[in-house]
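This document starts with one chain, in the form predicted on its own, laid out as structure tokens.
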Amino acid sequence: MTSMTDRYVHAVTVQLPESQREDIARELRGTIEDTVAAAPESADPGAAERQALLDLGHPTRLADSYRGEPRSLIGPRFYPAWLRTTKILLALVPAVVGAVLLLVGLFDHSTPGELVLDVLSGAFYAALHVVFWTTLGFAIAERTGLEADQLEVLPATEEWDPATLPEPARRQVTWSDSIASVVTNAFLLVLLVLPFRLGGAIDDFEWGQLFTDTAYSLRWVLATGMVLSLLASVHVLARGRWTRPTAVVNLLGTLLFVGPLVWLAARNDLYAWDTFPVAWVRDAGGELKINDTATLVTTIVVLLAVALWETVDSFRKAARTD
């Protein structure tokens, strides 16, 4: 176990901008060492160290004093991660949504004006959702007290004990995996909440209505599930680890998203077969025809496999954290 001084310095500096951490850590260690050295020779070193930390005050309050202001919506501890994540999402999600809308518009023979308007409005709409949900997720991560490594396990009052400061913890989930999960969830959410329905026509043949009207009517249920999964993934990205509450939220999101799709596929009310412009299997008459049963079974198996893997993986990692 690291010393109380190591844990205290980490608890203070982790809440500060990275550019300040090294200098303030050096300053704090020097102050603590000088205070302990100045204690009477008969004093217990551990007790002297503990008293020195108590005299400095609660880590959150000390960090606030170094910054000269209390934490804002996204405090300095999470601001760099929030900014990095938001930039990545803004670079990817609106661009992909715009590309999808561009292809739809080209197949639909939209006029250049309509095409530009649809692409720009869709990309703008995607950007708004990316910023809103990412900021909300980081704000929740900033303020919730659910993790063992979170500073709020020590109430910001005069009655706190440096000995109970948590150990500095490494990230359980890598940045690349976390960001990939956030990007995927954000992209699916944007597609679900677009203010218009993707669709079009090739010559006189309607296409693009991949899902049935019943499935489309449930899109807000699916979107709610995706919101929960997105917030959970942002929380994991910010904290670097899964916790049981976060895993439960992700499970609820998975059930709300996967459950309706599996139910619709089981009753063959998921895909709008008649609107498909292509097919997978050529029948005896030479016409292209989709194998409905194989497609539906594959859909159900894939959805259940992904849901099961995500659920087991998140709870397994949460158990390690606990």
Partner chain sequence: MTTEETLATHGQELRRGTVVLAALASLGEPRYGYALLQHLARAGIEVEGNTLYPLLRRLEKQGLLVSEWNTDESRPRKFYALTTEGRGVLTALTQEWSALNTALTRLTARG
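Nothing here was measured: the structure is a model prediction, and the numbers come from that model. The term rigid core refers to the maximal set of C-alpha atoms that superpose within 1.5 Å between the two forms. Numbering follows the first chain given and starts at 1.
FYI, the form predicted in complex with the partner chain isn't displayed, but the following is about it.
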* 27, 35 and 56 each touching the partner chain in the predicted bound form (heavy atom, 4.5 Å) -> yes
* Structure fact -> Exactly one listed stretch (59-67, 41-49, 260-268, 292-300) reaches within 4.5 angstroms of the partner chain in the predicted bound form by non-hydrogen atoms, and it is 59-67
* Can any non-hydrogen atom of residue 23 be found within 4.5 angstroms of the partner chain in the predicted bound form? -> yes
* Could you tell me whether the Cα atom of residue 59 shifts by at least 2 Å between the shown form and the other one after core superposition? => yes
* To do: For residue 268, decide whether the Cα shift between the shown form and the other one is 2 Å or greater, given a superposition on the rigid core.
  => no
* **CA of residue 303, rigid core aligned, shift of 2 Å or more between the shown form and the other one** => no
